[in-house]
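One chain is shown next in C-alpha cells, namely the form predicted on its own.
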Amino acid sequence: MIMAVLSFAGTILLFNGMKKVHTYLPTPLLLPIVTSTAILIMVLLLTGTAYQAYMEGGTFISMLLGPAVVALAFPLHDQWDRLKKHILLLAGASFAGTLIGLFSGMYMAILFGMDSEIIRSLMPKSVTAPIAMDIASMIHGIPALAAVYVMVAGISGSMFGPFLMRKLFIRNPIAVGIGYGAASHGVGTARALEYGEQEGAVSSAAMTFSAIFASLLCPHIAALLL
C-alpha cells in the first residue's frame, strides 16, 4: 500500500515539477514526458525497484488514460462546426498519414533486417497505445513492444514537430493539427493543443481517423507483404 501511494504521488509530483522546469526552459529536450520518464527509469534502476512494484501505484495513473483521451473530445466538440467544413480534407490527409506511418515503420524495420514479429509490432506505432496493442496482437506482433514504439513515435513527434513545422513553413492550423494527430497520436495532440484549440481539435480528429484506418489496413497489409 505504501509503495502504491509513493509511486502514484511521486509520479504526479515529478511530472508537475518537470512541467515547471519546461516552463522556464522551453526546449524540446526538456519536455515533461521525456524528462519525467527518464528520471523515473533512473530512480527505479538506482533503487532496485521492480517494475511490478512501481505499477502498484502506476496502475492508477494508467486508469486515468482513458478519461484523458475522452477529454480530447471537448475541443473537437467546440470546433465541430468548423471541422465539418474540412471533413473530407481531414479524412484524406489522415488516410495518407496513416499509410506513411505504416509503410515507413515497416520498411525501415525490413531495411535493418529485423524479424517479422518486430516488424508487425512496429507497424501500428502512429496510433494511440490501446489500439496499437490490439492491432499488434491481431497481426501476430508483440503488444508490449508495440506500446514502446507508440511512446517513441509520440515523444519524438512532440519533440521535433515544432522544429519541422517551422523549417517547412507549416503554419495553417489544420495542417499543424493533422501532422501531430496522424503521426504522434495523443502525445502529439497534447502538443497541438499548445498551438491553440483549433489545432488541438483537428489533431484529435486526425488521431481518430488514423486509428480507424490503421485498424482496417494493418491486417491486410501484413497478410499481403509479410
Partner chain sequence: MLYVKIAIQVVLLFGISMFGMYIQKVSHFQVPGSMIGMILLFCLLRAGWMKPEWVREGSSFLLRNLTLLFVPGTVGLIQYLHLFEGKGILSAAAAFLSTFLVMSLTAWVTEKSLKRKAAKSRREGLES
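These numbers come from a predicted model, not from an experiment. Between two forms, the rigid core is defined as the largest C-alpha subset superposing within 1.5 Å. Numbering follows the first chain given and starts at 1.
Keep in mind that the form predicted together with its partner chain is not shown, yet the notes after this line are about it.
**Student:** With its partner chain left out of view, choose which of 30, 193, 53, 40 has a non-hydrogen atom within 4.5 angstroms of it in the model of the complex.
**Tutor:** Filtering the options by heavy-atom distance leaves 40.
**Student:** Quick one: is residue 166 in contact with its partner chain in the model of the complex, heavy atoms, 4.5 Å cut-off?
**Tutor:** Contact with its partner chain, no.
**Student:** Using a 4.5 Å heavy atom cut-off, state whether residue 12 contacts its partner chain in the model of the complex.
**Tutor:** Judged by the heavy-atom cut-off of 4.5 Å, residue 12 is in contact with its partner chain in the model of the complex.
**Student:** Find out whether any non-hydrogen atom of residue 21 is located within 4.5 angstroms of its partner chain in the model of the complex, and reply yes or no.
**Tutor:** Contact with its partner chain, no.
**Student:** Can any non-hydrogen atom of residue 116 be found within 4.5 angstroms of its partner chain in the model of the complex?
**Tutor:** No, residue 116 sits far enough from its partner chain in the model of the complex that none of its heavy atoms falls within 4.5 Å.
**Student:** Can you tell me which bits of 82 to 115 touch its partner chain in the model of the complex, meaning any heavy atom within 4.5 Å?
**Tutor:** Contacting residues: 86, 89, 93, 97, 100, 101, 104, 105, 108, 109, 112, 113, 114.
**Student:** Relative to the superposed rigid core, does residue 110 relocate between the shown form and the other one - that is, does its Cα move 2 Å or more?
**Tutor:** No; residue 110 is a residue whose C-alpha shifts by less than 2 Å between the shown form and the other one when the cores are overlaid.
**Student:** Please state whether residue 30 has a C-alpha shift of 2 Å or more between the shown form and the other one, with the rigid core used for the fit.
**Tutor:** Superposed on the core, residue 30 moves its C-alpha 2 Å or more between the shown form and the other one.
**Student:** With both forms fit on the core, has residue 141 moved 2 Å or more by CA between the shown form and the other one?
**Tutor:** No; residue 141 is a residue whose C-alpha shifts by less than 2 Å between the shown form and the other one when the cores are overlaid.
**Student:** Given a change of 3 Å or more, say if the Cα atoms of residue 73 and residue 196 sit closer or farther in the model of the complex than in this form.
**Tutor:** They are farther apart; the C-alpha distance rises by 3 Å or more in the model of the complex.
**Student:** Do residue 32 and residue 144 move together or apart in the model of the complex, judged by C-alpha distance changing 3 Å or more?
**Tutor:** Closer in the model of the complex, by 3 Å or more.
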